[in-house]
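First, one chain by itself in structure tokens, the form predicted on its own.
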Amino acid sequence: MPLENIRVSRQARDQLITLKRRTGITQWNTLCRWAFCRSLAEPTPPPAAKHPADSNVEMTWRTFAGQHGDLYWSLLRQRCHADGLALDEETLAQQFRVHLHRGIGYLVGDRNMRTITDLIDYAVDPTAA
């Protein structure tokens, strides 16, 4: 079963605010989906870091994933399997958090990511970034 609630760190919230301003995307869940997929696209596993859930940005799994909840959950399970990690609920929840936070950091730290067009261009051709 996927996570019940997702709450990001204060630092991630601040980064999401920057991404909202840059891209014009107003929904946290949409930006978080982009960030999660951005991290999954990286071939290296994310560092095992603790990310405090100390912001007011919180959403349910259903809000995060929408109608594609099974797809996002399967992508996470596949990634954990590929990284040689256990597929228990605790590991999956922890890996979701580190992928989400890494992805947010990657998106906000990418100097070429200045508009929504840049975000879409990256999705179409990640090698061009």
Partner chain sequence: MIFDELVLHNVGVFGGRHSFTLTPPTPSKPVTLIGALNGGGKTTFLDAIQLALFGPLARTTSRGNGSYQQYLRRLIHSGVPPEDGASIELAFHIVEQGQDRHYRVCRSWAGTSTGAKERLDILVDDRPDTTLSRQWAERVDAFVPRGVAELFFFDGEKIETLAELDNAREMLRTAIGALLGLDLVDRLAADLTVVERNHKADHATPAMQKLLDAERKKLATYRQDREGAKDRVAEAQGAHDRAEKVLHDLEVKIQLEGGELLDRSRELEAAKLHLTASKKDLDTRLTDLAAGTLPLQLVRDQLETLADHADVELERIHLHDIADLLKSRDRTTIQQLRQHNVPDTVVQALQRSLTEDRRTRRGSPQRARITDLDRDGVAALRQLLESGLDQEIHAAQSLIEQRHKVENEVEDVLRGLANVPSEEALDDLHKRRNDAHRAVAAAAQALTHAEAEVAAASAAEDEMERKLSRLLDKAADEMTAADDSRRLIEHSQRVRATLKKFRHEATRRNVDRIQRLILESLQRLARKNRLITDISIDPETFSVELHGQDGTVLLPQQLSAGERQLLAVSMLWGLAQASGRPLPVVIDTPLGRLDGIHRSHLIERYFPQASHQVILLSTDQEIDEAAWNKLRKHVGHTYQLEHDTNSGVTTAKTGYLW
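Positions refer to the first chain, counted from 1. Just so you know, these numbers come straight off a predicted model, no measurement behind them.
Below, we turn to the form predicted together with the partner chain, even though it does not appear here.
The partner chain in the model of the complex comes within 4.5 Å of no heavy atom belonging to Val57. Interface membership of Asp14, defined by any non-hydrogen atom within 4.5 Å of the partner chain in the model of the complex, is ruled out. The shortest heavy atom separation between Gly109 and the partner chain in the model of the complex exceeds 4.5 Å. Among residues of the shown chain, Phe96 is not one whose heavy atoms approach the partner chain to within 4.5 Å in the model of the complex. Highlighted residues Gly24, Cys37 and Trp73: every one comes within 4.5 Å of the partner chain in the model of the complex, counting any heavy atom.
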